[in-house]
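Below, in structure tokens: the form predicted on its own, a single chain.
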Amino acid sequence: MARSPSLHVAVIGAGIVGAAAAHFLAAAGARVTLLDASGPAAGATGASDGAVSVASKKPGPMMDLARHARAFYGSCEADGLLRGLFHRRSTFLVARTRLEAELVAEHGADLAAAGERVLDVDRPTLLNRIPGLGDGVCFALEIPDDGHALGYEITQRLLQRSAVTVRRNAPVSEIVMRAGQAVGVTIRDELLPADAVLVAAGIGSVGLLGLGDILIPRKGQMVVTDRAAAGRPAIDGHLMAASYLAAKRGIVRDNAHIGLVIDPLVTGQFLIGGSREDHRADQATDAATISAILRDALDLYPPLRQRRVLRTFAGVRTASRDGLPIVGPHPHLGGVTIATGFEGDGICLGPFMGASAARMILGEAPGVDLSMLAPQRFSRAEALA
């Protein structure tokens, strides 16, 4: 990136996307103030499953973007920035009925068409890799090149390696404009001057930018167990049920859907999720939803009966109306760039999208075509309606 020592950027939102943008802006010489209503990784970034997964993405732009984003993780791990935080691991797509097997096979074909390695796994091989898998599993595919990273660890590392001013408990109430150009932001009654503003505040972007008809909150409830192994993942890969793929591909659209994933953490614990509850912005968990998640998880992987639930939690993701993130310059507010709407894909896409937003602010091309994510797609659609 080109050096920009005179530029001051106010980045709103200290999740993984905002932290990545702040890091790469500072690396290019810009002066950066990172603002958050609470603190780093306090929102969706800190309430995520950590999947750096192409296997989970909807065919089309999201699958292609995830491939770029996963490769970016690999390069950041190799150059030392994210060393020790990004771990390669397989994703297993599993089916328990004939219809689910057809869905998994179709998704596997889409992954292969996008350039992914997709491996057929017969049941004996699968049981050797993951002993104790439920009797109902009748079909599986392995996506061997996926990975895992904990969002709060990535956020912390990016900020540790940056000359960035981080202001916690600093809710931004307004982007201050003058002659159509951003000149700063208001924090309570304080004006913070800035030459450019990046809004990466998740659902907090709604009020700042008037995106209430474009962005919706989507709550997800999850479970963390005790350790099944010491200092290593308890099973050899991430289990993703066909129910999760059905939600991602838009086949299931109810507001209380369970899309099951069983995530073996590097601590030896399991993270199990999760619900997809549209228009829910609270962070409470409830017994009915958690019980439904656990019943499904026990059916898929019965050895979980030996584990204890340590805690349950909920995260609120921000989904866009058309299912794609919103990344790019604001169509009407000069000097304002948007990076939001990542829903459950923020951990996978976060560092790459943050770096891409930084390039846009510096006047550079992001390196890959992100035109499908441009904010003006919504204003164009409304103008044609």
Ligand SMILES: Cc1cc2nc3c(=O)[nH]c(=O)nc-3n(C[C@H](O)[C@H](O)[C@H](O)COP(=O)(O)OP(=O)(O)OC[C@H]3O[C@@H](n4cnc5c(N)ncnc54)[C@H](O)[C@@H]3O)c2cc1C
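Computed from a prediction, not measured in an experiment: that's the story for all the values here. All residue numbers are counted from 1 along the displayed sequence.
Another form, the form predicted together with this ligand, is not on view; read the next lines as being about it.
> State yes or no: in the predicted complex, is some non-hydrogen atom of V121 no more than 4.5 angstroms from a non-hydrogen atom of this ligand?
Outside the cut-off, so no.
> I'd like to check something about G315: if you look in the predicted complex, is any of its heavy atoms closer than or equal to 4.5 Å to a heavy atom of this ligand?
Within the cut-off, so yes.
> Can you tell me whether A28 touches this ligand? I mean in the predicted complex, with a 4.5 angstroms heavy atom cut-off.
Result no; A28 lies far from this ligand in the predicted complex.
> Going by a heavy atom distance of 4.5 Å, is L208 a contact of this ligand in the predicted complex?
Contact with this ligand, yes.
> Given a 4.5 Å cut-off on heavy atoms, tell me which of 137-145, 100-108, 304-312, 194-202 is the interface stretch with this ligand in the predicted complex.
Heavy atoms within 4.5 Å of this ligand in the predicted complex occur in 194-202.
> So which of A44, A69, V327, A355 gets a non-hydrogen atom within 4.5 Å of this ligand in the predicted complex?
The residue from A44, A69, V327, A355 that makes the contact is A44.
> Using a 4.5 Å heavy atom cut-off, which residue among A37, L333, M360, M63 comes into contact with this ligand in the predicted complex?
Only one listed residue qualifies here, and that residue is A37.
> Relative to this ligand in the predicted complex, which residues of 161-187 have a heavy atom no more than 4.5 Å away?
Sequence-ordered list: A170, P171, V172.
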